[in-house]
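Before any questions on binding or motion, here is one chain by itself as structure tokens, the form predicted on its own.
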């Protein structure tokens, strides 16, 4: 793992808020002022290909990045834009919810949901 990838990964681990590549770039620049946006994109791509992070996409918005390795769903609060990691209820499998073809095995899951959360009183 290169020094740049280590710094990008550590930045993602510090604040698990599903940042965009530009967010990551601004945060990394505080520690590594000479890093370029292209290098950050390359680091994010490499970390994603190695399974250390997941790319999260909502509609036509910029991709966001998640370091949570557990199986989960992403819920975007349309009112605030905040993305939450939502775990599956214990004992529930995604295949319990989907009518997959016979013999199909899920090897990868990317599920994103948008909606409104109640405002804090």
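This structure is a prediction, so every number in the text was calculated from the model and none was measured. Residue numbers count along the first chain shown, from 1. Between two forms, the rigid core is defined as the largest C-alpha subset superposing within 1.5 Å.
This protein has a second form, the form predicted in complex with another copy of the chain, left out of what is shown; the following refers to that one.
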item: 82, 70, 38, 86 - the one with a heavy atom within 4.5 Å of another copy of the chain in the predicted complex; value: 86
item: Residue 94 within 4.5 Å of another copy of the chain in the predicted complex, heavy atoms; value: yes
item: Residue 48, heavy atom within 4.5 angstroms of another copy of the chain in the predicted complex; value: no
item: Close approach of residue 31 to another copy of the chain in the predicted complex, 4.5 Å, heavy atom; value: no
item: Contact label in the predicted complex: residue 112 to another copy of the chain, heavy atom within 4.5 Å; value: yes
item: Sequence-ordered list of residues in 100-116 near another copy of the chain in the predicted complex, where near means a heavy atom within 4.5 Å; value: 100, 101, 102, 103, 104, 105, 106, 107, 108, 109, 110, 111, 112, 113, 114, 115, 116
item: Is_shifted residue 96 between this form and the one not shown (CA, 2 Å cut-off, rigid core); value: yes
item: Rigid core fit then residue 13 CA moved by 2 Å or more between this form and the one not shown; value: no
item: Is_shifted residue 113 between this form and the one not shown (CA, 2 Å cut-off, rigid core); value: no
